[in-house]
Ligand code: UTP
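Let's start with one chain on its own, the form predicted on its own, as C-alpha cells.
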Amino acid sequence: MDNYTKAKDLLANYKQEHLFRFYDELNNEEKEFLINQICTLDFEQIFHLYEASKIDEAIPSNLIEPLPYLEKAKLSKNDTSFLENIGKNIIRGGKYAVVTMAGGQGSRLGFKGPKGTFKLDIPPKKSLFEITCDYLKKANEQYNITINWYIMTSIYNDKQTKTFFENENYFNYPKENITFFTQSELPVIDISGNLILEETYKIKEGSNGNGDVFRAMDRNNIIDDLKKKGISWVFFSGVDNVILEIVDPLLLGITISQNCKVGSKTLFKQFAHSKDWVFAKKDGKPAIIDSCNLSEDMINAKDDNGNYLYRDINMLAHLFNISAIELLAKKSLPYHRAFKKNTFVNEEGMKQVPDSPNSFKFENFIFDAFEFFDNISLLRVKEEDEFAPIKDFNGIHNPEIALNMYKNKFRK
C-alpha cells in the first residue's frame, strides 16, 4: 500500500477526511508533507486521550494525607548554614546542572517568537534567557565552576531559539556548556473531536507539556551526557520566572539530608478556596492534587504548631537526582487536557484567529512524576523572593509586575 492510500484510509477510519480538503490545491512538496504527517500520527493515542480526558477523577478523602515541608523563613541560621554547606559541596564538585524548559511561544504576550526571547526593560533590555543566564554566571563565579545548562525547546521554536543564542553570542556563556534538546508534540483537537489544520498542508500540533522532559532527555542522549559529566542533581524550571533562584544549595542540602530523590520549592496558598493545586500525599505517594478534592475541614486543617497542612502550591521549581531521572525516562505520565485558542485554517482555506478557546491540547505535567517516589522534600519560599513568572499582559503575572519584583529583589 502506498502512503497516499494509507493516509486516505487512516482519515476515513478516524473520520478526519476534512484534513484532505485542500489536497488537490497543494504542490507536490506540500502533498508529500501532509501525507507523511498523517501516516506518522498515532490517531489511536490522540482519540483515546480525547475520550479519557473527559473523565474527572475524584480522589477519596481517606487517600489524602499532608506532606511535611520546611519553611525557609523559619529555619535557624545554624540549620540554614548546615544544609547550605551540603548543597554547596555538591555544586562546587560540578555535580549540579540546570534544565530550563522553554518550549513555548510568546503568543499570550502578543509576542512573536520563543517565549524565552521576550525582553524586559531592566534596563538595558534583557531576554528571559539572558536573565536565567545571569543567575548561572553568578553561581559560576561564586563556586568557581561552570554549570552545565540544558534547554528544552519544542520542534516549533527550536531553530529560532538556537539562532537567537547565536546572535546574542550565547550571552558570553561557554557555548560548550549549553545544550539544546526538543520535546515531542501531539495534534490539537477541536471541541467536535476533529484535528485542525495549521496550514492547508499541515496538521496543527502542540508541544506535549513539561512532563515530557524526562523522555525528551532520554531521546536526545542528555541523560548519558549528565552521567558522563558526573552530574548527580538537576534543577528543572520554566523560562518565565525572573526571580527564581535556580542554583539553590539550601533546597539541595535539604533534599540530600532527608534522603530524598526529589525536592521542590513551594509557595503558601494565600486564599483558602483559590483553584491552585496543592501538595499532598495521594494513596501514600507525593502528589499535587486539585483543591476540589479537599473537604472544608482539610482546607483549614492545621498541625499542633498552627501551620496549615494543605496550603503548599506548585511553582515549577523542582530538583531531581540522576537516578530519579533515569527511572522517569522509562515511565508514562498521564495526559491532561487544556482548552486553548489556536489559529486554524477554515473551510475557505483562510487562516482564522478565534476570539475564545476553540481546541484541546494534551500535556504531561512534570509534577505527575512525584507519584513514583515514596517521599519528596519541600521548601516553602516567599513569593516576593522567588516567584515572578510572566504569563500574559492582562493577568496578575504580567511583565510590568515581574519587572518591578525583579528590581525589588536586586534593590535589596
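Since this is a predicted model, take the numbers as computed values, not measurements. Numbers follow the displayed sequence, beginning with 1.
Just so you know, the form predicted in complex with this ligand exists too; it's not on screen, but the next bit is about it.
- In the model of the complex, this ligand lies within 4.5 Å of some heavy atom of K391.
- Within 4.5 Å of some heavy atom of this ligand in the model of the complex lies at least one heavy atom of K115.
- Looking at G87, you'd find every heavy atom of it more than 4.5 angstroms from this ligand in the model of the complex.
- Under a 4.5 angstroms non-hydrogen atom cutoff, this ligand in the model of the complex has L316 among its neighbouring residues.
- Site annotation in the model of the complex: the residue of D312, D240, D248, E130 reaching within 4.5 Å of this ligand with a heavy atom is D240.
- This chain is displayed alone, yet in the model of the complex one of K72, K95, R108, K281 has a heavy atom within 4.5 Å of this ligand; that residue is R108.
- Annotated contact segment (heavy atom within 4.5 Å of this ligand in the model of the complex): 204-212, selected among 268-276, 204-212, 119-127, 295-303.
- Residues K361, E363 of 358-372 are found to place at least one heavy atom within 4.5 Å of this ligand in the model of the complex.
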